[in-house]
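The chain below stands alone and is given as structure tokens, in the form predicted on its own.
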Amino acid sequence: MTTTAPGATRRHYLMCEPRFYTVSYEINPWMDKTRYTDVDLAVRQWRTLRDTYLDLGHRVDTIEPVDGLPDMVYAANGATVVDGVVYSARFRYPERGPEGPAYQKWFADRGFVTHTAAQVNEGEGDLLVVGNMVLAGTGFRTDRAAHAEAQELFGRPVVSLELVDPHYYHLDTALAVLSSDPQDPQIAYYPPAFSAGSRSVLQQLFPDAVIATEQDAVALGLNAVSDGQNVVVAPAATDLAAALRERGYTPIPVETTELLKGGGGAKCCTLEIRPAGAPTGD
């Protein structure tokens, strides 16, 4: 069993400040439009998350939020970026539809090669880079056909995983990438979120994975961000934090409770930009 984290590598992230954050519609079980949302608290929590990345030495760029698109704060859903190639998001629900072009324009304006998706996909919400492969979620948001599209675009094996619990509607709510070292990729995941066949696949690919508890999962603790050493995680995911410490990782609790009202945590707010020629990010 792996007991030592591989060590931190500097990352490049894209984030979107939640200045227009609210829950005005319901497209996942976390959302309740009758609940009060505190935009000022959401912004404070978001800024703490951003500052945590900066304090760890990572680069953070920001995209301007758009009034009327409250879920733009969940930047990870906006695209998937591998080797400098941007696979744009194509959202399932019309309420989020304009986010994909907004993120694609941000990348195009900065000289990135962008690919307009033909298939429904929700970016890094369902496409997680692990070593030289991509783990790809389906069942609620991203179409399985998008997995083939991503494989052709990135030239990396894409492993399809079926999600079966609507509370874990994106892969990044049920699985966290801890290390993308091709020699020793490491993940954490919550087995009940997956179909029996997908659990078997994960067991074969990652026999030493950290297995999250229900307490971790309901706190959206697996919506975590790792740089290979430091893991930004929901404070309530205490079992996960203990397991990470046992493996040599450094859990860093950052509160995102207000953003959880929309169904997202730290990872949802964080889109990783993997430039061409750079080591694969976690």
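Numbering starts at 1 and runs along the sequence shown. From a predicted model like this one, the values you see are computed outputs, not experimental measurements.
FYI, the form predicted together with ligand ARG isn't displayed, but the following is about it.
Exactly one of the stretches 228-236, 27-35, 246-254, 47-55 approaches ligand ARG in the predicted complex with heavy atoms within 4.5 Å, and it is 27-35. Although the partner is absent here, Pro18 sits far enough away that none of its heavy atoms falls within 4.5 Å of ligand ARG in the predicted complex. Among residues of the shown chain, Gly137 is not one whose heavy atoms approach ligand ARG to within 4.5 Å in the predicted complex. Taking the partner from elsewhere, Phe154 is found to have every heavy atom lying beyond 4.5 Å of ligand ARG in the predicted complex. Remark: Arg96 counts among the residues lining ligand ARG in the predicted complex, judged by a heavy atom distance of 4.5 Å or less. Contacts of stretch 162-181 with ligand ARG in the predicted complex, defined by any heavy atom lying within 4.5 Å, are made by Tyr169, His170, Asp172, Thr173, listed in sequence order.
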